[in-house]
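The chain below stands alone and is given in structure tokens; this is the form predicted on its own.
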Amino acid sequence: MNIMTRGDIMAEGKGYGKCILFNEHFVVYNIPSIVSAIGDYTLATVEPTESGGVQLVDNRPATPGYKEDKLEHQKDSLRRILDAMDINQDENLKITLGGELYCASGVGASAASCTAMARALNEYFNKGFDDDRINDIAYEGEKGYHGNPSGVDNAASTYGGLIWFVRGENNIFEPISLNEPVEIVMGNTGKVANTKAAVAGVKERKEKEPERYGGLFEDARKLALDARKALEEQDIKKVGELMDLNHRLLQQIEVSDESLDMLVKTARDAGAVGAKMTGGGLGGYMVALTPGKELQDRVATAIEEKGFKVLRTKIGV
């Protein structure tokens, strides 16, 4: 259906980045995970054009090579979003992506862009969709990047806050409350991760060593329960200790790498309460729990002095 645009306006929408605090990869196998939106976001604007159909301009800051590597995924993602919103691909409009979220593997950059575009298009065409529908549309967009996404990234991007997530026939999303947002540092290895390859590697090794992996997965399940309890009790020191343990489990299923391990150690040596890889692994980001601006700056500076870029942001926003 060809929908008439409101040609005299420009619409915009935001999608927040995310940080997986516990159990990336394990989440694929129905193990509980905990994810948080972060303060950094992607902004999408939609405006009318004279011709050319739907055009996408990507002005987001990004790791060198990230946008080029993801270009075909991005095109597929946009097509899926337009289809889900019943918007004709021949509509003459320009979508521009910007904002402060530095795009790299591990911060939910693709989900943030999907959510931002869905919100901007929703406003532009006066669709009147609520957050639940925006989340569904962003999930459809995520399929262009990840094939069979868990749904956790777009949920964090859409709803914000801390989320207990369990993948299943009917995904479980439950909010976890923090009294106030907590500072974190996210260190970027500068390597664009191939999440599909990392997921496939875990699957292959799990099939070869079912007994060992079964034990690791059960440890991850118990750790998630402990982490939820610690967060609900506002026990940030315990949360940090559990992040350290979670990183060890992720090392054991071979999704961390030398660059991530080095940044995790750098953060811990600088006083981080806890630190681990976050996201798909084999590159991308790590995260350090650094309550208080002073500790956040100290850990961020330690990582920057090694020559790596950081995000100073917060969880629980």
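The first residue of the shown sequence is 1; numbering continues from there. Quick caveat: nothing in here was measured; it's all calculated off a predicted structure.
Keep in mind that the form predicted together with a small molecule is missing from the display, and what follows is about it.
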Task: Single option in N122, T195, T96, N188 placed near the small molecule in the predicted complex, where near means a heavy atom within 4.5 Å - done: T195
TODO: May I ask you to choose, among V27, V54, I253, L43, the residue with a heavy atom within 4.5 Å of the small molecule in the predicted complex?
DONE: V27
Open item on the list: Among the candidate stretches 45-53, 261-269, 66-74, 277-285, which one is within 4.5 Å of the small molecule in the predicted complex when only heavy atoms are counted?
Closed with: 277-285
Open item on the list: So in the predicted complex, is the small molecule close enough to H247 to count as touching (4.5 Å, heavy atoms)?
Closed with: no
Task: Heavy atom of V152 within 4.5 Å of the small molecule in the predicted complex - done: yes
Open item on the list: Is R80 near the small molecule? Define near as a heavy atom within 4.5 Å, in the predicted complex.
Closed with: no
TODO: Answer for V199 alone: is it within 4.5 Å of the small molecule in the predicted complex, judged on heavy atom distances?
DONE: yes
